[in-house]
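Given as structure tokens, the chain that follows is alone and in the form predicted on its own.
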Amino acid sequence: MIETSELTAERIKEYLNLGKRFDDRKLDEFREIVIETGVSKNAEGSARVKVGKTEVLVGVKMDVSEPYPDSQDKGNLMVTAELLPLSSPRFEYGPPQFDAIELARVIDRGIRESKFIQLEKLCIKEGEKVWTVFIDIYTMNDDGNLFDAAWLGAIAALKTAKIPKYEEKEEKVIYGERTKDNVPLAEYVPISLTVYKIGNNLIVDPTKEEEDIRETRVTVCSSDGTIFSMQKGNVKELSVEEFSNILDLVEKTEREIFKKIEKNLK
């Protein structure tokens, strides 16, 4: 497996201590974000997202199925992620690895806890039939920060998704024939951002080399100061002051990312 060398790691840390990064960005600055929707003819909604050189594809599919036992009057949500070997020599074919499972769960939790999808409006017949929303994430190139790239892809795909036609008498989904109805979503757009700690510095949107030398990371899903979910990765502890600084950084960066989402989805 290719890993960042100790020499490169030391240089990155030295730069960060000076408030600099190899690509001339500020510590709180994202790379260029490009969002393209409608990239799949077969999906109900789809998006390709590029954050710098990191690239993901996200598709939304829908089917009719039984509701979960604990939510008889709500639709279902299922998120999966595939870290394709073509996107990085570090990924291998086979059963989902921990990184893929964690990526899917972080996206799932953010969408679920923020109530971005109005699942109660996806109930066809309580206790019997509901719409299930499948969100599938595929990595095309991994140059760091898959968490935030995948989130942007999921949001963009959901924002453009249309509910397919359903014949109740035949109990059959007519794929390829979509209604004019959008997937019911909240009026607000939650933003999921991941902050990485390297030495005494906190950064957003790391390159792969920066991501490799992280001590810990925290993913925060929020909207206008309301926090819906948080996920901490790695074992390194955080002080109360550091955690407070992370929340401040998320709040500051959230506004900028929201502007970019609005611009790309117009």
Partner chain sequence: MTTKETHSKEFKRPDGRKPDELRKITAKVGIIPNADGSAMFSFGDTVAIAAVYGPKKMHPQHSQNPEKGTLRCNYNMLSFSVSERIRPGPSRRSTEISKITEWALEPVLMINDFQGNVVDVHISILQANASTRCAGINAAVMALAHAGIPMKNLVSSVSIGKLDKQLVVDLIKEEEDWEEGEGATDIPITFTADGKITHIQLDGKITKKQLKEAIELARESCKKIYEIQKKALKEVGEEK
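Computed from a predicted model, the values in this text were never measured in an experiment. Residue numbers count along the first chain shown, from 1.
Below, we refer to the form predicted in complex with the partner chain, which is not included among the displayed structures.
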Where, among 108-116, 121-129, 80-88, 191-199, do residues come within 4.5 Å of the partner chain in the model of the complex by heavy atom distance?
80-88
Within 4.5 Å, heavy atoms only: does Tyr166 come near the partner chain in the model of the complex?
no
Although the partner chain is absent from this view, report whether Asp99 comes within 4.5 Å of it in the model of the complex, heavy atoms only.
no
Is Ser239 a contact residue for the partner chain in the model of the complex, using a 4.5 Å heavy atom cut-off?
no
Classify Lys26 as contacting or not contacting the partner chain in the model of the complex by the rule of any non-hydrogen atom within 4.5 angstroms, answering yes or no.
no
Tell me whether Ala9, Leu16 and Asp212, taken together, all sit within 4.5 Å of the partner chain in the model of the complex, counting heavy atoms only.
no
Under a 4.5 angstroms heavy atom criterion, identify the one residue in Ser40, Thr216, Ser222, Thr207 near the partner chain in the model of the complex.
Ser40
Residues in 216-252 that come within 4.5 Å of the partner chain in the model of the complex by at least one heavy atom, in order, are none
